[in-house]
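The data below hold one chain only, encoded as structure tokens and taken in the form predicted alone.
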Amino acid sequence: MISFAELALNGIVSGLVIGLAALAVTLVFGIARFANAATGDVMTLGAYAALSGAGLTGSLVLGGLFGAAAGAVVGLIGYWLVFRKLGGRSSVAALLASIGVAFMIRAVMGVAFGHGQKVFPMPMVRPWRILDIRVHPNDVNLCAVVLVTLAIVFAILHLTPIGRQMRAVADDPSLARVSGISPQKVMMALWALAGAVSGVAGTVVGIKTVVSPEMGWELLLPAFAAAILGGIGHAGGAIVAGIALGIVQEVATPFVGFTYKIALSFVVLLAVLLVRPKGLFGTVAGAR
């Protein structure tokens, strides 16, 4: 039971990261109306930027800010050079373009940083013991970073004018446009926010594991699964689904092994969607 409790705690940390990546996916889908396959590689870019920033400043906090800023900048560049020009095209065209952007980012990172694995310079600390359950202080710190990031994102979405405009566009793009909301302003804010969230998620993954050009790609499928499971376009649902998938993956590791635990995300996804096709928090829209 203690081992399963420790696995569940690890699953919460992993699930928060998956939920953060799923949040970036669902933000873009809810407003831009397509699945952004470049999310994983923006995460990787954020991890490399954070690693470089930590090396230059000697501070993991400043390194994390470097990662968030790099993700936001790349998100804006991708929108301005690629996705802005695809406005009005089909979602399939935007999806294929995002795949191309992902490959380009990954190739640039491979040339710039190499394909070897890199690690953050983390201090060695003893785990805490709470009721014979080992809790690693670094995991607690990473959870705190993710929770603070989520609080900032939801504050932006619900307490700021640009956040309300983004939610208005997500609810009804035509009505928002008639109401005088600037689509370009909303899109630039969206891509900067989604990029920053991806950068933070990549930094957290890099600190917990290792940094390599393929690490974001490996997290993209669980992020998509969490975004769909939570109800595509539902920000809170993406977080809850990410945590649920993270716990399921980690608790199932002793039974299926490390290699196959990711497949459980899609087993859970399939089981839920057979009962609720719109996801856990999605709503079925009626038409007449």
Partner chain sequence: MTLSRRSTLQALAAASLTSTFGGRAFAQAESFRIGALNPVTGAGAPYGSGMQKMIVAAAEMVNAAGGAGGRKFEVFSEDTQTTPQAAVLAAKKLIEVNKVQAVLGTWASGVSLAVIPLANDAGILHMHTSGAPALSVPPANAKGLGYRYQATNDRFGRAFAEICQKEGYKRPATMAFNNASGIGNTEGFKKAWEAKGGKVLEAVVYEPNQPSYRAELQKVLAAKPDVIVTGSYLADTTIILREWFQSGETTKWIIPAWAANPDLVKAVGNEVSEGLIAVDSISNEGSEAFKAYDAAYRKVMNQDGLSNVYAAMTWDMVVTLALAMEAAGPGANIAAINAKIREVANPAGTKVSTFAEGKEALKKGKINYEGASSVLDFDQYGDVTPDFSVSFVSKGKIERKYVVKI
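What you see is a predicted model; the values in this text were computed from it and never measured. Numbering follows the first chain given and starts at 1.
Same protein, other form: the form predicted together with the partner chain, not shown, and the subject of what follows.
S.K.: Work out which of the listed stretches, 187-195, 149-157, 207-215, 169-177, brings a heavy atom within 4.5 angstroms of the partner chain in the predicted complex.
M.R.: After filtering at 4.5 Å, what remains is 207-215.
S.K.: Let me know the one among V240, A252, I232, I262 whose heavy atoms come within 4.5 Å of the partner chain in the predicted complex, would you?
M.R.: Spelling it out, the residue with a heavy atom inside the cut-off is I262.
S.K.: Exactly one of R164, R84, R89, H115 has a non-hydrogen atom within 4.5 Å of the partner chain in the predicted complex; which residue is it?
M.R.: Selected residue: H115.
S.K.: Within 4.5 Å, heavy atoms only: does P127 come near the partner chain in the predicted complex?
M.R.: Answer yes; at least one heavy atom of P127 falls within 4.5 Å of the partner chain in the predicted complex.
S.K.: Using 4.5 Å between non-hydrogen atoms, is A144 touching the partner chain in the predicted complex?
M.R.: No, A144 sits far enough from the partner chain in the predicted complex that none of its heavy atoms falls within 4.5 Å.
S.K.: Is it the case that V108, even though its partner is missing from this view, gets within 4.5 Å of the partner chain in the predicted complex, heavy atoms only?
M.R.: V108: no contact with the partner chain in the predicted complex.
S.K.: Does the 4.5 Å heavy atom contact test between I77 and the partner chain in the predicted complex come out positive?
M.R.: Because no heavy atom of I77 falls inside 4.5 Å of the partner chain in the predicted complex, the answer is no.
S.K.: For the stretch 133-160, which residues lie within 4.5 Å of the partner chain in the predicted complex by non-hydrogen atom distance?
M.R.: Those in contact are R134, H136, N138, D139.
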